[in-house]
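One chain comes next, on its own, written out as structure tokens in the form predicted on its own.
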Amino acid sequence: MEKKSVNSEIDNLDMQILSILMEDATIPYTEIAKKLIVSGGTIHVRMKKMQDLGIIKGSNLVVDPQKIGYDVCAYLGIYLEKGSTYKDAVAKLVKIKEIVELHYTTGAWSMFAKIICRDTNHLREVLNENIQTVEGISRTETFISLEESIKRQINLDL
């Protein structure tokens, strides 16, 4: 039996709904329905379908970390001793709340992480006492972000 791709199960209306909500996730379904000239029920059904397909993974509140005292954003290239230690390392790294993103990568590093800390002392503590003590991590390279110039969702090109 041939597996259908997710793309074949969504249409232009679904893409329009996604586009609107990616701009502002607080827009009521009734307002989306008016914009797209469909019923509110249609929006509910389409949203449920896209959630079931895993296209929509949830929604969250976006907070500016600097405004609540987290002034340092750093990126960390993580070298593993062996690729086979990846899953165990991730199981330990997921417990470090300052790591807000972690990617398994190709290239020089095995993993690449985004870390948010209060200040450089907090960053040093997280690096030295939490991350670099994880079994399987051989070394790390840290890059401190001076400014976030672009942050956005993908463009759906409608």
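Residues carry their position along the shown sequence, with the first being 1. What you are looking at is a predicted structure, and each value in this text was computed from that prediction instead of being measured.
Just so it is clear, the following notes concern the form predicted in complex with the DNA, a form of the same protein that is not shown.
Exactly one listed residue, out of His103, His44, Lys57, Arg124, brings a non-hydrogen atom to within 4.5 Å of the DNA in the predicted complex: His44. Checked against the DNA in the predicted complex, the residues Thr120, Thr133, Gln66, Thr30 give one hit for a heavy atom within 4.5 Å, which is Thr30. The stretch among 32-40, 57-65, 94-102, 125-133 whose residues place heavy atoms within 4.5 Å of the DNA in the predicted complex is 32-40. Taking the DNA as it sits in the predicted complex, the stretch 91-113 never comes within 4.5 angstroms of it through any non-hydrogen atom.
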